[in-house]
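Next up: a single chain in structure tokens, the form predicted on its own.
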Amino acid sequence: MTADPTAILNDRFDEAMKAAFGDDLPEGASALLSPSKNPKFGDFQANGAMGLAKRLGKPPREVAQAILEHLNVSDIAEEPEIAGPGFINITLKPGALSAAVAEMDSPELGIEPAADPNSEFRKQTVVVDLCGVNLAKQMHVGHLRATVIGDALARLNERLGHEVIRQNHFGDWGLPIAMVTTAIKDGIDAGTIDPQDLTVADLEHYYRSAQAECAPDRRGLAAVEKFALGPKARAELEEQVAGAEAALARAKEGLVALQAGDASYMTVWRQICHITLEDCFRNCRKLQANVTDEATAGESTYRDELPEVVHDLESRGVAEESDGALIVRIEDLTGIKEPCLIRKSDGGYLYATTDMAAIRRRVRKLGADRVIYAVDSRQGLHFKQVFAAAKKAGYTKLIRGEGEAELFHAAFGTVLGEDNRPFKTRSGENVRLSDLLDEAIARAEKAVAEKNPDLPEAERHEVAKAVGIGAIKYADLSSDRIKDYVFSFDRMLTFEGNTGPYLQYAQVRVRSILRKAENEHSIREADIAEAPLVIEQPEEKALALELLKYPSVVRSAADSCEPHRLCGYLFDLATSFSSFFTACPVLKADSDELRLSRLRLASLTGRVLRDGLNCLGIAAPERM
């Protein structure tokens, strides 16, 4: 990994403080290192001696001096100085920053790819559970975060060199699925439904209709009896209940037929799956999220494994019977009194059963070292129970070497409307994802046309797709994922502030500078790549220090499953570049040497912005 002076200095200060104060060093003591606000005081200032002195009951300058006596930074900095009541000023050696940036200026941008177990960064197999669509339903705004966050986490781990396996957990099995499959099959058999004309919107209509037909209104019938509402009302409710019970019985027959692999039912079910998934993949392509058929694992694929899991848990005493149901007690592992329910008293399986089978497959067959679930926070208790039960069952034991796979719930909050309520249409329906994306592109095209009216129409539309989709994704990813956030087209599509278009435009600005360098000064990018770096001005130093943080930020965002860390970094980098560009003339620099050096800094900034946006799944257009 590239030597980041900030990281090096923090490590050296930590070592010096431990050496100076030993066991007396309070927990959490820090150097409080930050870039100097005034260049005359050096490049960095460590302010931790004051707070530490108070906790130790010693004079601040005495504490600062004790730290300096053990501080070794001679390889990258001049002799540190104590100023004022106990500040420690650090000035980097003239060539230290330039050398570090030059080292980072490589195809890998300072990110050391994960390698064999002996490497500092061990290569892992990372399984990412994302998207999670359901059969016969259109994707809506509720699928946005699971897809966007999951794809970003997969991309971050891929960027680090890990083997990443995406898993689109497709809800395609169970009684509700049998309801809609049976209803559509009956329609096909009766000649009222043409399977070739079915759309995902049709499937959703039939899904809702089938569920309604299979729902007996027993409460209504009870109310008729209780309040003596008369024979007409009783007859109507009795007819409804009888019809619903017959429809439900028919659906249960369909479920048995599906479970038995009946060809006539399976043909209809496969057609419904195909239509649903094609719509899903179409939305994901538009969203620029890598979710494919190969990455899709339907709940149906686990159906033969569920009896195996239940038998295994029961035979080894991991699960026990309770009132006819089968449970795994997890209080000893988690403190949670509610056990994990594996099989219902009627013999039926649950989501937990499928998730247990999924963990077993992902660790034992796919070889996962880490399994990340991009699923909303409302499923928190469920995953705590399932993770604990899987650990108790031994399903998390690594197939390579010792240890256990990490199971991580990358929980996220809700997308809210501007009324701070869950984002819905005016009629109270979920907002369809396809409609949301189309509107984002249309609004972005209008904004791009106003900003650059000379763009050809075809290019403008491509740029609008990049900007509109990028704006939606960045607004989602830049929020701390556990928090709810308010969806606002006006805010997310602005070209100013912490938005996707602002970062895309910063990258476009770099590309424009490099084109001008070639067209007006005959400076090729190959010439820029070999130019010596001269980093002297405060804005040059600030930009260089920001660039050097990139490898550690990518690793931190991947390790913590927090894409907003990378978003915040990219915004800081773009802001630092803007300050650099304003204060330090690039193409009009005072000398050829300085021009080439600043072009190299600009070029590296553009590459980091592009690489970072790619880690988030956001396109970086050439022009806007």
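Heads up: residue numbers just count along the shown sequence, starting at 1. Superpose the two forms; the largest set of C-alphas matching within 1.5 Å is the rigid core. In this text the structure is predicted, and so the values were computed from the model without any measurement.
There is also a form predicted together with the RNA; it is not shown, and the following applies to it.
The RNA in the model of the complex comes within 4.5 Å of a heavy atom belonging to R491. For the chain shown alone, E299 is a contact residue for the RNA in the model of the complex, at least one non-hydrogen atom being within 4.5 angstroms. Although the partner is absent from this view, Y485 contacts the RNA in the model of the complex, with a non-hydrogen atom inside 4.5 angstroms.
P39 falls outside the set of residues with a heavy atom inside 4.5 Å of the RNA in the model of the complex. Residues within 4.5 angstroms of the RNA in the model of the complex, judged by any non-hydrogen atom, belong to 381-389 and to none of the other stretches in 102-110, 381-389, 236-244, 543-551. Though the RNA is absent from this view, in the model of the complex it lies within 4.5 Å of a heavy atom of just one residue from A442, A529, A83, L229, which is A83. Residue in contact with the RNA in the model of the complex (any heavy atom within 4.5 Å), chosen from L258, I513, I193, L248: I513. In the model of the complex, S579, F581, T582, C584, P585, V586, L587, K588 are the residues of 579-615 with at least one heavy atom within 4.5 Å of the RNA, listed from first to last. Annotation for G84: C-alpha shift of 2 angstroms or more between this form and the one not shown, rigid core superposed.
In this overlay on the rigid core, C567 has a C-alpha that sits less than 2 Å away from its partner position between this form and the one not shown. Compared with the form shown here, the C-alpha atoms of L594 and K37 sit at least 3 Å farther apart in the model of the complex. The pair K40 and K549 approaches in the model of the complex: their C-alpha atoms are at least 3 Å nearer to each other than in the form depicted.
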